[in-house]
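Let's start with one chain on its own, the form predicted alone, as structure tokens.
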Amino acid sequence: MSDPREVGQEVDDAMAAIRHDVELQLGVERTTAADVELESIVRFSADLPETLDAGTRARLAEQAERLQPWLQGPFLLGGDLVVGGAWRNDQRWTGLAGHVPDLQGKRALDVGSNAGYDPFMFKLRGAAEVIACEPFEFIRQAQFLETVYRSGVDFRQTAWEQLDPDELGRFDLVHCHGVLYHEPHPSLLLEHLRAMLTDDGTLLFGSMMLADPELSEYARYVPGSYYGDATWWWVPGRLAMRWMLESAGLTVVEEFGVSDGPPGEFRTVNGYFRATRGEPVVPSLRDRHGWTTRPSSS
């Protein structure tokens, strides 16, 4: 059995490394809670206490601080205690909510969950089962929040490459936001997402894209150079992103939620596509090469 002290140190070390990367992007290694009225924050549990005793508040605040940096948010932990974040996920959901299908009794898969805001929302909207996948240590934030909310979301520290419909089944809703431009093999990611969809399922796919309309059909390769992020590989134009989805066997129904992207050496936008499962335009990499994970670099 693992020594809890060793596990705790591993988490501390991993979060310290993430704080270093976040500081390169945001200029700070620890984020502060957004200035939001308590009444407007989504309550991910009906059992959150209206007040917290001093001991409980101090304990929760200490746990949240240990898990810095919080990028997603805001998250209400009870009373007036709020954590997160650099990103205003509640504002993103203002534009996303109307495009999410009816989830009552359905299965939802969230890919690249970070601290879990989106999977918590899917459960709140009635999904019978929500599986949330996050490969990095941000999963610790989601797991901490789940000890507070007890929503029933199944958080897993796993990457999209390990997703297998034969093991997990297929899902009525697959959601993936902010992942594609971190992947050197984006087409394989899209094929994996399609494989996880039921025949009549919905994919909600969000990505940063080039803002310049004259570059819409192009993609810009930016290994390790955009927004101070060494994992940012490239940025597609909006039309190029649509073509990629269609080539992977996804039928684009609509594009929505376009807003300004993060600051960098060229302008980007953030936007969503809603798509359904169709037929691939080109033979699948999975079929041609038997790849169920990313191809070897050797």
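Just count from 1 along the sequence shown to find any residue number. The shown structure was predicted, so the numbers you read here are calculated from the model rather than taken from an experiment.
There is another form of this protein, the form predicted together with a small molecule, and it is not shown here; the text below is about that form.
- Considering the small molecule in the predicted complex, the lone stretch of 97-105, 217-225, 111-119, 147-155 in range is 111-119 [heavy atom distance within 4.5 Å].
- Interface residue remark: residue 182 is counted as part of the site for the small molecule in the predicted complex, having a heavy atom within 4.5 Å.
- Shown alone here, residue 135 lies within 4.5 Å of the small molecule in the predicted complex, counting heavy atoms only.
- The closest non-hydrogen atom of residue 89 lies within 4.5 Å of the small molecule in the predicted complex.
- Contact annotation for residue 177: at least one heavy atom lies within 4.5 Å of the small molecule in the predicted complex.
- Scanning 211, 159, 197, 82 against the small molecule in the predicted complex with a 4.5 Å heavy atom cut-off leaves one residue, 159.
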